[in-house]
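Quick setup: one chain, the form predicted on its own, written in structure tokens, and binding and motion questions come after.
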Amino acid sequence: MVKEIERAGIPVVHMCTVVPISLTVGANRIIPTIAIPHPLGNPSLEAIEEKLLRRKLVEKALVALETEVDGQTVFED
């Protein structure tokens, strides 16, 4: 589905815990996340720390959306 949305001219960020799967499905903008049961958070953190973690991931995704890529790109820290 990621490739079809991109083909329509809409940039997509695929946020995932298993990057090789994103590479296999052909995602162009890939953001590695935290863990399979909690991809966008960490329940062992204090509430404020978890909010900061989530905000960091969303901000990284927004930067990835604005970035022109030529092929698959993994946006690491």
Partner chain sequence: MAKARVVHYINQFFAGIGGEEKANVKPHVSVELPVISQQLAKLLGDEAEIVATVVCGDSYFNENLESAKSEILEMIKKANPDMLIAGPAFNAGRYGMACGTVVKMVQDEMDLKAFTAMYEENPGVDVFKKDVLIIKTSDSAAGMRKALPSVAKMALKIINGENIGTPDEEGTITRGLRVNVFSEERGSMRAVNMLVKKLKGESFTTEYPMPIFDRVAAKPAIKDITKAKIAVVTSGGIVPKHNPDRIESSSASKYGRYDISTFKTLSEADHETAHGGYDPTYANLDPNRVVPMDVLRDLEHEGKIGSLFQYFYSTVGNGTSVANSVKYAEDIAKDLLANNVDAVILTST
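Positions refer to the first chain, counted from 1. All of these numbers come straight from a predicted model, not from anything done at the bench.
The next section is about a form of this same protein that is not shown, the form predicted together with the partner chain.
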- Message: Taking the partner chain as it sits in the model of the complex, is Pro32 near enough to touch it, meaning that at least one heavy atom pair lies within 4.5 angstroms?
- Response: no
- Query: With the partner left out of view, is Val2 within 4.5 angstroms of the partner chain in the model of the complex by any non-hydrogen atom?
  - Reply: yes
- Quick one: which residues from 18-34 get a non-hydrogen atom within 4.5 Å of the partner chain in the model of the complex? Val18, Pro20, Ile21, Leu23, Thr24, Val25, Gly26, Asn28, Arg29
